[in-house]
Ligand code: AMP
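Quick heads-up: it's one chain on its own, the form predicted on its own, in structure tokens.
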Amino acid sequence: MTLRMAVPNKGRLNERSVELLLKSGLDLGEEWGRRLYVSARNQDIEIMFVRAQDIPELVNSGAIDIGITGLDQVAESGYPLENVLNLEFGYCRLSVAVPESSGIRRVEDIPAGCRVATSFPQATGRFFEARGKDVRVVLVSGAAEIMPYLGVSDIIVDLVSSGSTLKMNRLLEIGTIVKSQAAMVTTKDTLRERSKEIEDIVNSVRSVIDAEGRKYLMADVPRSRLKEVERMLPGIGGPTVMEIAGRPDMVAIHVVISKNEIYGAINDLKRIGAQGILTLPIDRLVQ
């Protein structure tokens, strides 16, 4: 049976989601950007392009087996979906913010009857209800930051990344409802019934994410300094060491290291007499 997967059709999550699927080995053809759904050429998988906010509903209903969306959208839906893989992009948080001049500095200080402008009414309502706060949710489709200035609301609940937009609009962040990023989600029933297919695609995408944070490093190093190299470059399971024809004084080492370690590693290797240092990108890394 074909595995159906939903991907955001536009916005902040679309481009990176498709990139991960392509790098994981799914061939979506040449026209995926102009179609609402495509079949992967080399796998029994269909990719549907739909709104990110609709994906939790489609997954929960069983129309879609697995979907990529933001955890903020999952929280808004209220459905008990299973997060099978955090995708490490689309970071933001759904936060409560108040005008700087309001005098409110904690969620506990919000008065009863306060008007809250948001495009996340369900998550907002549950958050305040759990804290015994009787607020009135004002549904807006965007630009929540301007609503207190217009007198439409007293405070807002909105997605925040850096917080610079809040500062520009003289708003103060006082609480977080949910920390969000892009994730692959499914239901418990689907995960149980289609565990192999879901595990395969999750592992494939995870291998791309893991590889993007690493580099493959090769170098010829003095045999006498090999113990130092092993301490400097532990890698995943230690460096691979190979003989070099005609060079009994040198060995070749291959190791996978974090991108953040490249600068220091190359300088350390040069200091101990390494030669022919080379770094390469990695497409996928299965650990």
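Start at 1 and count along the sequence shown; that's the residue number. Note that this is a predicted model, so its numbers are computed, not measured.
Although it is not shown, the form predicted in complex with the ligand is what the next lines describe.
Proximity of P148 to the ligand in the predicted complex: non-hydrogen atoms within 4.5 Å are absent; the residue sits far from the partner. Although the partner is absent from this view, L13 contacts the ligand in the predicted complex, with a non-hydrogen atom inside 4.5 angstroms. Interface residue remark: D72 is counted as part of the site for the ligand in the predicted complex, having a heavy atom within 4.5 Å. Contact annotation: G90 falls within 4.5 Å of the ligand in the predicted complex, judged by heavy atom distances. With the ligand omitted here, the record of contacts in the predicted complex names 154 to 162 of 198 to 206, 154 to 162, 184 to 192, 105 to 113, defined by a heavy atom within 4.5 Å. Among S95, N169, S180, S77, the residue placing a heavy atom within 4.5 Å of the ligand in the predicted complex is S180.
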